[in-house]
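Two separate entries follow, structure 1 and structure 2, each one form of the same protein chain as structure tokens.
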Structure 1
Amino acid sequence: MRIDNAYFTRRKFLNSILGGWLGTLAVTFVSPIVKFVWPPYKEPDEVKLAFADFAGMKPGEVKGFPWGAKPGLLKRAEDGSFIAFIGVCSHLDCNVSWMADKKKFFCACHEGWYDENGMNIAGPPPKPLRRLETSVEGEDFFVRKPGAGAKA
């Protein structure tokens, strides 16, 4: 039976369902390309932390800190200075963890290894961990991109 005063015919209904499905499929394929070309994440130039949280670290100890949306790793060197890294693997941006018993950084995604200075020593990582600059200014501890310098 056909309804003469229907707002949608069967053909219009099926065309709108098919068009919506094709539109959703197109967005699904196009959105990763757009995110690749224009990434939504902007890395910070510096991060301000409380020095009291890191002052008690022993030489060889590593603690994490937030570096924007990525993890940061702060290591206390044997001479008492601090070394900071962005805690993601240079291979595929997997998170890196500190293996205290081996004194190495480890990426579990593809078994990548970095030495205690962040240099790639085994596995697929093509480059060392990205290093950051550190400075203590009063009660504040600053971690900055290399060359970012202090803000005036």
Structure 2
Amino acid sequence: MRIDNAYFTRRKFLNSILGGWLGTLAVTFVSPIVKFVWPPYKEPDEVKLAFADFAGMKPGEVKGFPWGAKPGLLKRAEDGSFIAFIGVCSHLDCNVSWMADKKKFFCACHEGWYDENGMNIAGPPPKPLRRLETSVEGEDFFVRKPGAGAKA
């Protein structure tokens, strides 16, 4: 049935209302499922370590620390300052290792090389290793995402 001057029939109107309602209902059911399946875990903004564990590092030495579920690598520079990397290859996510004799980081999965500053120098890695900021606050040693800043 179509009312005079109407753009659509009554059936089409009712079907659209019903269809729209069913669609909305479906979304309300599906969206929590999607949220459940894709978990909310993210890598940390900062981790707190004990400074005592790292204070004894010699210049040029590299030590690991946990950055969430990823390995972090902490290197002591020649001037005594600390440089922190996420020890995950920028190519396909394998954990890299520090080759102390060559002074390079190496990824065994596809033979990717990084220099001692984490710059990609050979093999497939497209980007340098990700760097993190460090700060010593009393007895605590903080490693942070760049720009995350100190928590008040």
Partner chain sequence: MKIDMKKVGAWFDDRLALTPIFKYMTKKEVPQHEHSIWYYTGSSILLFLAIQIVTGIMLALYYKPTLEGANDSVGRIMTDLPLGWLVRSIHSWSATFMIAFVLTHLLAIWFTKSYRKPREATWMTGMMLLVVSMVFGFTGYLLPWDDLSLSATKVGTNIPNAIPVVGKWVTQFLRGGDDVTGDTLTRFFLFHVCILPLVIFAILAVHILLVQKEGMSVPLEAEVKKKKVPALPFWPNFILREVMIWLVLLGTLLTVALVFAPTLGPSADMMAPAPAGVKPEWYFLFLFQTLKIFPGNMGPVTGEFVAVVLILVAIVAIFFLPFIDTKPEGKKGRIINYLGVLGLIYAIVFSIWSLL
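Numbers given to residues start at 1 and step along the sequence of structure 1. No experiment lies behind these values; they were computed from the predicted model shown.
Matching the description of the form predicted on its own is structure 1; structure 2 comes from elsewhere. Rotation of the smaller rigid segment with respect to the larger between structures 1 and 2, from C-alpha superposition: 138°.
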